[in-house]
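Form predicted alone, single chain, as structure tokens, below.
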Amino acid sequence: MDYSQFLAMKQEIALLVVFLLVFLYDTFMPKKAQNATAAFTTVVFAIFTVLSIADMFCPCSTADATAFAGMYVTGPVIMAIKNILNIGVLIVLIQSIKWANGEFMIVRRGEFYELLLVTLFGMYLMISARHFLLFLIGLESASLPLAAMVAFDKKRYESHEAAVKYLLTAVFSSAVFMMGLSFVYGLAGSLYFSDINLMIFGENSALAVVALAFVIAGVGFKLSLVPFHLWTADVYQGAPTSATSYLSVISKGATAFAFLVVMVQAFGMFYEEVWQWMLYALIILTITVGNLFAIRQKNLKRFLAFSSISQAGYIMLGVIAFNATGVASLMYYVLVYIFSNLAAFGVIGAIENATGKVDMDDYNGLSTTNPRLSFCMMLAMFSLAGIPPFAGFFSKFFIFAGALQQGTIAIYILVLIALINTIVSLYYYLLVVKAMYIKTEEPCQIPTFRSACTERLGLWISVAGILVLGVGAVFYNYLLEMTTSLGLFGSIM
């Protein structure tokens, strides 16, 4: 075996080094020093993120690299995707420091960060995999530790319920996914994405359609696509807010990228015949059901759960576009979604840590007691709703533009339905703004308090991302040039 192949896995190896440093610090440092575990993890991961972004712009990183007989692939596009996830993880780590330093977390905060890093490692493998065996290893590495993170608040019944629902969903979705893979292997005789793409070309048998449907269903559970979404609201509500924010943003973003790779690389030849129409139905259902159910929610974590379901439908427009613009817009959309959603969860987490309140009615008149938190939440809601000039408007514009390049009647109808749903989403996002700024006739249930400096730092970064990505589209132009110059999908295809 040529061990030099591991050199292609620079980001994975560097992440494992971060994991080992955190593990050794948590295991062997004196008890007093362990109080700084959260800060140590955040600083080490911040250094890793900066070095990873710098490496992306290094001239030596402009070519694709493969390892393990083509099972693993990396390149500029893949590195950019992983760095987008790193930015989101760094914000989650910053926002979770106060929670991790709480009395309840003293004996288990190290485990939380170790589990988080293991899930991120699995997501890296999913994105770089070009063989379903490696993809499945990454999928399970990303899924199983999340169940433990969801169950971290073991004294709350809701956390137990959320963990059981997530674990059972992960098990069943993996079983469905592997059933689909068995059909795919029976048809193609290989688990390499490129071999599958060639072998099933022109194969319109019922077995091929069922195999693809099972694969989409298995990944659809991870993405919370309707009708595979029923676990989402209960898990988001029951899990600790830090775990919920990670699950809603990083896990969803990584799965969206991995889904793009699988559909393009392994089933690209099936695009017009089968999975294009499957995704049409899933996107319409996901956006519509997510929006309609979000209107009914009073618990803000459940509210953001259905919001994330709807956002997953918009993200899938980047996959259905099946072009370089769609890939760039999907990457940009996930980056904007990271800043917007983490700004909202940062406010929810700060208020929950201080008062324990998470209901929308508790936010009535919040602007009178905590104007800065209200302002941050308002910007997050405006961006998620797609109101100009905030970043969410441009992310939706670019992803619609990428899809419309298909130029078919069906895609025009799909985008029209998505636009109508965007108007619906304006209503329920503005409900939160209404509660904070208009319903001020009663005393606010949340008293004036000063959030921790780390919580404020996380919010500042998120708000800066919303504003900067809204004012300038330079980063989107960079992504588009990269995906276009490296071929139709760069490292994706």
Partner chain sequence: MFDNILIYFVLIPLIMLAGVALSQNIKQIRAVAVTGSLALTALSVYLLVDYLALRAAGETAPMLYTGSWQWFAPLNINLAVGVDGISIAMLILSSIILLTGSFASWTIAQPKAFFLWLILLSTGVFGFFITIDLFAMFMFYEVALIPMYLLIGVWGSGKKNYSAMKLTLMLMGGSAFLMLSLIGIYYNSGLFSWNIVEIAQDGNISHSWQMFLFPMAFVGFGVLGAMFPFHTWSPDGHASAPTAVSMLHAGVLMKLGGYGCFRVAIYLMPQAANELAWIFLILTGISVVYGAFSACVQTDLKYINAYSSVSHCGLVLFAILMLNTTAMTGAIMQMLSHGLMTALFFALIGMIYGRTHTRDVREMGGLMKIMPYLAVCYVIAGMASLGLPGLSGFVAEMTIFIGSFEQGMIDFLHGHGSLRLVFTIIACCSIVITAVYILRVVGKLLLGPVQDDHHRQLTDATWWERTATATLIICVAAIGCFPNFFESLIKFTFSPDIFKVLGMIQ
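In this text, all values refer to a predicted model and were calculated from it rather than measured experimentally. Residue numbers count along the first chain shown, from 1.
One more form of this protein exists, namely the form predicted in complex with the partner chain; it is left out here, but the text below deals with it.
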Of P389, G189, P371, G356, the one that lies within 4.5 Å of the partner chain in the model of the complex (heavy atoms): P389
Single option in V209, I284, M199, V415 placed near the partner chain in the model of the complex, where near means a heavy atom within 4.5 Å: V415
Segment assignment from 415-423, 234-242, 94-102, 133-141: heavy atom within 4.5 Å of the partner chain in the model of the complex: 415-423
Partner proximity in the model of the complex: S182 to the partner chain, non-hydrogen atom cutoff 4.5 Å: no
4.5 angstroms heavy atom contact with the partner chain in the model of the complex for Q405: yes
Contact of V43 with the partner chain in the model of the complex (heavy atom, 4.5 Å): no
Exercise: K434 in contact with the partner chain in the model of the complex, heavy atom 4.5 Å: yes
In the model of the complex: members of 374-400 within 4.5 Å of the partner chain, any heavy atom: M378, F382, G386, I387, P388, P389, F393, F394, F397, F398, F400
